[in-house]
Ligand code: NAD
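The chain below stands alone and is given in structure tokens; this is the form predicted alone.
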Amino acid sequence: MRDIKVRLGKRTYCIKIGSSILSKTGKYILRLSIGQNAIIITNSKIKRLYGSILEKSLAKSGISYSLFTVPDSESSKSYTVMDDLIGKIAMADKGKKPFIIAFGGGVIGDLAGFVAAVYRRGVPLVQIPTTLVAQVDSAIGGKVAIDLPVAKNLMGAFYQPKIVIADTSLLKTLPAREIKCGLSEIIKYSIISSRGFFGFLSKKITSLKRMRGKEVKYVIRKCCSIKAGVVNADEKDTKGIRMILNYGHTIGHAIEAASGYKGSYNHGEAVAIGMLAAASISRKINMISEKEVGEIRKLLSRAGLPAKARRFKSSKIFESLSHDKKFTQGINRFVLPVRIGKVRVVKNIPKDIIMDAIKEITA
């Protein structure tokens, strides 16, 4: 299968997508000439399931490695975990030329990517995403970060990987909830870019929920292509183009922050609710039809995603919004659907409209 390229001049890199390609990791890395001392950051579950495949591939290519695990939860994206991890890496790194392998889902990718960005003022990064959401979204584009108690991803950087290796066979062990999390991001891509893709997902959502059929690779490739195109055009989010990728994330991140990152709603679930809230705001200002809002709601429901954040007070979610990075100098910014396949960044939404939309998702 042809690679997808994120084209950023001298920092251009490939996204490799295929089944059972984890075993080729060592060969791929040797071609990059980034060093022969790998630092693998993962969690205990991924280590148990697939660690030996990665380790054998590296050893076969003459690449030494040290492996460190962190807890499998959003709580790992914290300053405390990062500080502890960097200390351990420094002890294992004497006299070596290291590069970091982020081997896991979005949490691992964000944490390991941020460590790569700041350790030794930056060491090469390899992303090996193991979840659906990471393969279609978070491992691509160079946004890496950790969370602060007041809001998600407040301490971060733009730091591109040298390669992304998306082995679709790793998805077969994902629990149903993680698959739904990925489907949330996939549906987001269709809403922001393609009515045709939205229609395809509507037809194939049942088989995609089971991670069966050739549609899985097609969908992953489609999302990677969409994101690569957006990142190519606006790598560091300075032109207002890349912001469309945040559809559903503004209120979604506020829901996660309001929960204290305790997992009441995972990232995909929170984004799904956030997409509905954003669609509601769009409807209230007469940007989108009720019919299309209904289509969005129906597809998210068929994917098994929630429509409500029932465990939180609307005021708590609204409070978390004030710390969103997209809100500056008192001006709020939301990515709102104009129609399925097209979104727009809208500023200065009246607070009462935002509150009404939040009340709808918490009622």
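The numbering used is simple: start at 1 and walk along the sequence shown. Everything quoted here is computed from the prediction, not taken from an experiment.
Only in words, not in the display: the form predicted in complex with nicotinamide-adenine-dinucleotide (NAD), which the text now covers.
Comparing 123-131, 92-100, 217-225, 276-284 against nicotinamide-adenine-dinucleotide (NAD) in the predicted complex, the single stretch with non-hydrogen atoms within 4.5 angstroms of it is 123-131. Between nicotinamide-adenine-dinucleotide (NAD) and the residues Pro175, Gly260, Gly87, Gly196, the one pair within 4.5 Å by heavy atoms in the predicted complex involves Pro175. Proximity to nicotinamide-adenine-dinucleotide (NAD) in the predicted complex, defined as a heavy atom within 4.5 Å, holds among Thr250, Gln160, Ser138, Ser76 only for Ser138. Although the partner is absent here, Asn43 sits close enough that one of its heavy atoms falls within 4.5 Å of nicotinamide-adenine-dinucleotide (NAD) in the predicted complex. In the predicted complex, nicotinamide-adenine-dinucleotide (NAD) sits within 4.5 Å of a heavy atom of Leu49. Interface membership of Gly113, defined by any non-hydrogen atom within 4.5 Å of nicotinamide-adenine-dinucleotide (NAD) in the predicted complex, is ruled out.
Although the partner is absent from this view, Lys180 stays clear of nicotinamide-adenine-dinucleotide (NAD) in the predicted complex, with no non-hydrogen atom inside 4.5 angstroms. Residues of 288-320 include none with a non-hydrogen atom no more than 4.5 angstroms from nicotinamide-adenine-dinucleotide (NAD) in the predicted complex.
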